[in-house]
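The chain below stands alone and is given as structure tokens, in the form predicted on its own.
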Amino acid sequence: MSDKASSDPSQSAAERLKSIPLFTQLSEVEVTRITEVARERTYPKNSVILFEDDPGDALYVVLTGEVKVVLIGEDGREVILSILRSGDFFGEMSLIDDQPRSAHVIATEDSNLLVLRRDEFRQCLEDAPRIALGLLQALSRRLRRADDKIGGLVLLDVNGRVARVLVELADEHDGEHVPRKITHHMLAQMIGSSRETVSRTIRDLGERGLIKVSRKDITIVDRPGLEELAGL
């Protein structure tokens, strides 16, 4: 489940930063220091924020909007590793291990990001070491989700993988609904399957009474049944 940050435009930069889980443990002085050195950047929908193998020179925090982290094969096929929303961050791995970017990051909505360059980030760690604790906690949660995803890909059939991603996406929303902006094509990219297979699976889950599909969203009707199928 994604950590959320407030997107109220009436809030000051420090107030918005304080609402982001990575920075909630910081004092007002520490938060103010970060707002003084960080920059805000806006990326329109479908723009590439980072390319795989780019030098890792900054940490990005999603203030508003949504981005996807993807791998793109030589044949152009995309695999979505994660979808990040308000309060999530990316780019920290390259700052820690000095390696190039491990994936592409693309805006799926108009997005506003907070950018901390390498030197600024390291200075913030020195000035506010509690950021490191927040970073470790977030990385631990991310690693657990990655373990779950790998286990699902190995142990579940397509029905189970679709069921699991629907439960996860619903939990990121309101626990019951998956917004229709998550298309069958995106679901296929998230589970390593084809759009046609995902469409058939969605139809089958609906016929079994596990979900209800409308033009507005996908509603989980039988959560215990869907979780059982997902191996949860």
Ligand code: CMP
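One rule holds for the numbers: they count along the sequence shown, beginning at 1. All values reported here derive from a predicted model rather than from experimental measurement.
Below, we turn to the form predicted in complex with ligand CMP, even though it does not appear here.
Of the candidate stretches 89-97, 155-163, 128-136, 107-115, only 89-97 has residues with heavy atoms within 4.5 Å of ligand CMP in the predicted bound form. Proximity of S82 to ligand CMP in the predicted bound form falls within the 4.5 Å heavy atom cutoff. Put simply, V62 is far from ligand CMP in the predicted bound form: not one heavy atom of it is within 4.5 Å. Using a 4.5 angstroms threshold between heavy atoms, Q123 stays clear of ligand CMP in the predicted bound form. Contact check for L26: every heavy atom lies farther than 4.5 Å from ligand CMP in the predicted bound form. A heavy atom within 4.5 Å of ligand CMP in the predicted bound form is found for exactly one of V198, V31, L50, M190: L50. Checked against ligand CMP in the predicted bound form, the residues V69, L205, A38, V178 give one hit for a heavy atom within 4.5 Å, which is V69.
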